[in-house]
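We begin with a single chain expressed as structure tokens, specifically the form predicted alone.
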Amino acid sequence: MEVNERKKLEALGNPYVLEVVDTYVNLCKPASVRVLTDSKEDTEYVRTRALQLGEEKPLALKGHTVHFDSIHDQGRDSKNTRVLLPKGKIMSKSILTVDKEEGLGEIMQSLDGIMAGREMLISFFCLGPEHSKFSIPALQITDSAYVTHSESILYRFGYDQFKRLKGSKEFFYFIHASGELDERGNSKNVNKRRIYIDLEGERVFTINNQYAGNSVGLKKLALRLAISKANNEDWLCEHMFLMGVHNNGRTTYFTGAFPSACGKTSTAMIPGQTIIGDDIAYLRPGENGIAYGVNVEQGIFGIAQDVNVIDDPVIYKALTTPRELIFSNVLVVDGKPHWLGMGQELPVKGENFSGTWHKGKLGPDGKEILPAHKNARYTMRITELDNADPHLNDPKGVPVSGFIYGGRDSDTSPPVIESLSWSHGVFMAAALESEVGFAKLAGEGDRMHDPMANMDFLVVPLGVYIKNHLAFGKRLGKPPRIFATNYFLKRDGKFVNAKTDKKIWLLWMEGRIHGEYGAIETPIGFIPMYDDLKKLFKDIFNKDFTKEEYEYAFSIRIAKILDGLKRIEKIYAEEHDIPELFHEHLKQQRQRLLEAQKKHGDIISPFKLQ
């Protein structure tokens, strides 16, 4: 390492940082090392380096670039993402693990010389606002300028934050190596892709990949470390957006957890509201008995599909005007990006994640390759959006009044439900099922159990996780209300509700928090009254919402819900130390459903419950 780069590290006054860096410089054997501070010079160096290496290519609009991942590296790799489990420790059956000694041996062997001939980039970030009790410093070591550039957009700089550590070891660190590259500059050995999480060491190793969900350490990899830390320290780290809902001259803050591709970002971006974050939130009890939350990030790594001028006007404007922004895995023609569902007819040829593309081109699996990947993304700062909330960087966080849990369910759940209590809401969230989207390397359309929309990232036993959620609400004088949403209910193969209707459900939830709307109590929770929704649809969209539409959407489909309870009961029967309160809620909900079924039949109209 050159003397000047070494001095940047020594200026932090942290021997542990030096120890970590020296360990991986010696192990990975890069040709050179660049230490990045918070300076404009270093920030510009990374942008330029990504272009020089071909990891990004410039697009026609100023500040826009595009990055392509391998055709085999287009989503989070759940199979090869594992927790390093020490001997004697027990983890939930659904959490993939590998023996810690075995896993460390494998990853250290793979890292030996993996950066030969390449430059190692060392950078410092802050998870959460600076000067905040929420914040966690993070150190990233990688040989990818694209990864570092992405993180410089997504996260707050942290070099000065590390100085404030005064030598403390209280930080996360991440080691990423792209591995051997093919002729397109993509990771070649994706069959040897590994993402290993060391909870005790508060570090993550990720190799032979480039897709940001696997490679950007501070994204979903830091989420796992923070979940472990939160569950040891009595706060919550959740896969949640954080937004302000503006109504009747007031601002009410909500968090929301949705599996990928289930409407999470589009909910956080509903017109007329403000966004603090679209993905990860830290939540802590405040002194006044109210939950407070911050966005871990300052940017968005969003799904491009279906972003268009009608459904997502704010994001669409940002994606089609000059600013610093990275597209990934879209179709590019003459320097212009194209994605699925953008509201325009797509070209029949161009460049995409498969290389030179033309309509009808087949992939390795023999299936036709789409013009852009369903999981194509954009990376940009939230401050670039017209609806950025003014409290985005508030070190105190914002008071949270409501939690929203959503999933993809085509045949069962109503569009919006309110839980009967905090503990019932925790049960609802822990029992969440969702049809699989395309952000994971799994069978699209399969129905999966996804507690708190966080199963992919859970690194503590489910029993501990649920217990801590129950305890979090109990510690609060006024816990947030808990709601569940489903934007994907279908009838005769067509969606029952328009994409924009989610604004109605959101405003109803906001009104419930302030006592403005009544509700119908059902066996599964509270649902809206018809007259309230009818008025909201008329006032907001000047649209008639008929009794027939309401009845179909909000009918309680008892047989299907009971089937779901059977699946959930079976899953939790295999888990250790699930709180008894969870089982009580499951038993009570089943009993309520059976009594209603006996009285009303398998499908109950909401009008029968008033």
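If you're wondering where the values come from, they're calculated on a predicted model, not measured in any experiment. Counting begins at 1, following the sequence as shown.
Heads up, the form predicted in complex with a small molecule isn't pictured, but that's what we're talking about next.
Q: Is Asn80 part of the interface with the small molecule in the predicted complex - any heavy atom within 4.5 Å?
A: Flag for Asn80 set to no.
Q: Indicate whether the small molecule has at least one heavy atom within 4.5 Å of a heavy atom of Tyr211 in the predicted complex.
A: Tyr211 belongs to the contact set for the small molecule.
Q: Within 4.5 Å, heavy atoms only: does Trp505 come near the small molecule in the predicted complex?
A: Trp505: no contact with the small molecule in the predicted complex.
Q: Using heavy atoms and a 4.5 Å limit, would one call His239 a contact residue for the small molecule in the predicted complex?
A: It does: once the small molecule is placed as it appears in the predicted complex, His239 has a heavy atom within 4.5 Å of it.
Q: Based on heavy atom distances of 4.5 Å or less, which listed stretch (460-468, 173-181, 214-222, 536-544) is in contact with the small molecule in the predicted complex?
A: The contacting stretch is 214-222.
Q: Looking at Ser187, Ser260, Asn231, Ser419 here, can you tell me which has any non-hydrogen atom within 4.5 angstroms of the small molecule in the predicted complex?
A: Partner contact (heavy atom, 4.5 Å) among the options: Ser260.
Q: Of these, Asp279, Asp389, Asp143, Asp73, which has a heavy atom no more than 4.5 Å from the small molecule in the predicted complex?
A: By the 4.5 Å heavy-atom cutoff, the listed residue in contact is Asp279.
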